[in-house]
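Okay, so here's just one chain, in structure tokens, the form predicted alone.
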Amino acid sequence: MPRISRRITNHLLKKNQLLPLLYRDNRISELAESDLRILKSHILQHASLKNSPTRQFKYLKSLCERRARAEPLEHIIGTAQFYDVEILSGRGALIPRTETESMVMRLCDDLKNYHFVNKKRRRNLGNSFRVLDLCTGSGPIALLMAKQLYELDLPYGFRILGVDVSESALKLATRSLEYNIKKGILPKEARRDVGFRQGDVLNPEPSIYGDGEDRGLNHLGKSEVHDEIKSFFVNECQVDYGPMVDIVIANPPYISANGYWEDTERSVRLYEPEIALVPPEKRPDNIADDVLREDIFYPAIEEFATYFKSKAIIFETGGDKQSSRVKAMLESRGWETGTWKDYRGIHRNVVGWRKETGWNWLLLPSKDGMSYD
């Protein structure tokens, strides 16, 4: 990395002596100044440093040095703001992105404006609204959806389950749930309504119950992951619920091996788990050979959506070309489809719905959301 010119260094030093450290990694003065403001605010939250400017500066400098080594700001301060929830941050999981935040908010705004707007429909739901969040990571999608759904005050409530293969990511998700409850961002009922389970959606382990045992739950026995999902969403006394979930939403690993090294930032490669970004090299037996490695999660997740009779599915993708491939895959499997653009005009999300469900409102213009087509 080229050295910072003396002219730029002097310019930064005039503003604050720590700015050259923060400028070192991103080379954008506005970002360096923003990082400094956030780190100063973080320092002021430490009561033990309140009356000691010297100790405050020493600690602030140590944080700036960590940032200069490309450590993500979210790791340094311990949390990532994800719209109106806070996600605990660490090496075990991907830091939630703005694009994912926009996807969730658009879905929640459209649910409010188009799906739950009819009072008769709300009264006749009959069961809690059920969301399956696959590849949940540290749980940002599940927790933000929970926050938004509580505000809708659904007559029969809701249930959200996040599933991920990573034990360390799920620990962050569980801790984030408690963190948001303790801060009053989520109510105590979130412990009942939101859950996280470990499971590999690409290579699910066979069910320990076998095909003949169902513990009173319909269709138990496909795999351990399916069992966990079924147990979370269905009461023991229910024999046949019909559609198990209303919507499957997923932000799976979708970056190619080459793209990981060519397109991701150094801080991402150093501090965020590759497993959350790049699909494994070994593909599942049921994924066709002509499916690109970066796409293998999408057909696997679609199988979960079909198995649980989901009314709709929403994917985050890497952009236009991948969205086109995922869209074609869904259409070949009988889904009505469309795409959403992100704030840069990139087709970042693929949405699908079963024709008979009436969820075609997914393509209507978002009225209140952060992202518009």
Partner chain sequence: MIRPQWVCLHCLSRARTATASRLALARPALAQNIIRRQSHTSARVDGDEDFFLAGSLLKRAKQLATEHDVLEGQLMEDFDTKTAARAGHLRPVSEALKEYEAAVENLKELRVLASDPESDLSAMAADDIPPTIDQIRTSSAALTASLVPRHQFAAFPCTIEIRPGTGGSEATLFANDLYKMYTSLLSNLRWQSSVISYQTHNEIGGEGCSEAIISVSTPESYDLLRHEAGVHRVQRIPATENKGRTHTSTASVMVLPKLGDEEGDFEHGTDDDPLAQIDMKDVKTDVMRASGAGGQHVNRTESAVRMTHIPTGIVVAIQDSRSQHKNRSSALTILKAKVAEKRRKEKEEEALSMRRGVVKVGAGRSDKIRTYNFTQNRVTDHRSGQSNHDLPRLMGGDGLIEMIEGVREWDKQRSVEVMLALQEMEDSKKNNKK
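Residue numbers count along the first chain shown, from 1. The shown structure was predicted, so the numbers you read here are calculated from the model rather than taken from an experiment.
As for the form predicted together with the partner chain, it is not shown, yet the points below apply to it.
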property	result
In the model of the complex, the one of Gln198, Thr264, Asn127, Asn203 near the partner chain [non-hydrogen atom within 4.5 angstroms]	Thr264
Heavy atom within 4.5 Å of the partner chain in the model of the complex - the one residue of Leu31, Ala328, Leu49, Ala68 that qualifies	Leu31
Non-hydrogen atom contact Pro72 with the partner chain in the model of the complex at 4.5 angstroms	yes
The partner chain contact in the model of the complex: Arg97, any heavy atom under 4.5 Å	yes
Contact of Val117 with the partner chain in the model of the complex (heavy atom, 4.5 Å)	no
4.5 Å heavy atom contact, Asn251 and the partner chain in the model of the complex	yes
Partner-proximal stretch of 225-233, 186-194, 264-272, 299-307 relative to the partner chain in the model of the complex, 4.5 angstroms, heavy atom	264-272
Interface residues of 79-96 toward the partner chain, as seen in the model of the complex [heavy atoms, 4.5 Å]	Thr79, Ala80, Gln81, Tyr83, Asp84, Leu94, Ile95
